[in-house]
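For reference, the chain that follows is the form predicted on its own, supplied as structure tokens.
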């Protein structure tokens, strides 16, 4: 079967793969597309190594969506993605190395961002300023202040900004939250989430010449400059504070978002983190083992556990969430299924989907389901739907993980304003609410 045939059949085959990609009325095919060529949404994708290439390929397979532009600072990655999209669609997208040059183009509707974390909010703000709607992968920011600026930009420039909290668009996760709201386990008062993996040591990097195919200056962009090392790109930057945000935001954002959604809470009143870099002695700076506990004003709490370097399952799953309530328990193993148990542990409801999550998949643990979230984004651009994970929703979940990292770095619990998450009576911790930018790259809305 050709790639172009795959594109035409994408939604149909994806629907067959599980209980249905489009079972929810809000996700029906008819609600997304009118069939008019004038409804075509043209996308530019920034950062297309791994996850970004997945986004580009998935967007390219959606009806009436065109991936018109690819932007990446690595020429090899850029060339590969352009070739992949041309193979799928029969049309070659235009390539850019500099996001600023791409955003000068007027003939595309939306920017999808999968560049490293330090680029997420600056590129979101730049995209809004250029008149583009934005799909930004989680986390929506490198620090809490950037999330606030991204919210401001979306409002000021009247642009739609969707964060990659894909589970917000999964039909059975929506049903899970509806069951919680309906009292399926009484009052849910505590949620526990976790993520595990077997990540190897990243070693000790050596300062070497930047590869000819990589524009390292543009890769660093707004981040303060640091020398290029041979163990940094394309993935290990996640574990270095200058560019990354650790496992708490690399993966924990998903579980934290589901827990916050299910508990029906916004900003916390208290956050504390424990853990450290335990497994290896190397350049890795963020915790490889971490717990984050957050309390909320409605007498509820959540905890997230991350184990980057020990993949032993918890409750039989590599990642997931459990809600504990006054009359029962709800178990969500991270894809599109869940079970409800009574007080004695008996299963009283079993909602299944045969799509299994792979927590070790570096591109997408829920690859076959993620298209629903992209569909929601392009449909919202057309005015046929409402974003399931707008930038405010995304920021509220992201900031909990940020607060966990800040608590970890200063070594104490944080008392927070439940109206906005700001840290109270702790100037040292609040200094980590934002960051310094490299000269000439100051981020402004």
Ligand SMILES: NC(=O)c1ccc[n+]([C@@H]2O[C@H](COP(=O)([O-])OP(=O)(O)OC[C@H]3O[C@@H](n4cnc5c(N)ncnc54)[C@H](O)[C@@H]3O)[C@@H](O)[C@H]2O)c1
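Numbering follows the first chain given and starts at 1. None of these values were measured; they are calculated from a predicted model.
If you look for the form predicted in complex with this ligand, you will not find it shown, but the lines that follow are about it.
- Taking a 4.5 Å heavy atom cutoff to this ligand in the predicted complex, the contact residue among 271, 173, 191, 114 is 114.
- Interface residue among 219, 157, 261, 108 relative to this ligand in the predicted complex, by the heavy atom within 4.5 Å criterion: 219.
- Although the partner is absent here, residue 397 sits far enough away that none of its heavy atoms falls within 4.5 Å of this ligand in the predicted complex.
- In the predicted complex, residue 420 stays away from this ligand, with no heavy atom inside 4.5 Å.
- Within 4.5 Å of any heavy atom of this ligand in the predicted complex lies no heavy atom of residue 330.
- Residue contact with this ligand in the predicted complex: residue 179 places no heavy atom within 4.5 Å of it.
- The stretch that touches this ligand in the predicted complex, counting heavy atoms within 4.5 Å, is 72 to 80, out of 275 to 283, 72 to 80, 306 to 314, 223 to 231.
- Applying a 4.5 Å heavy atom cutoff to this ligand in the predicted complex picks out 234, 235, 237, 238 from 230 to 245, in order along the sequence.
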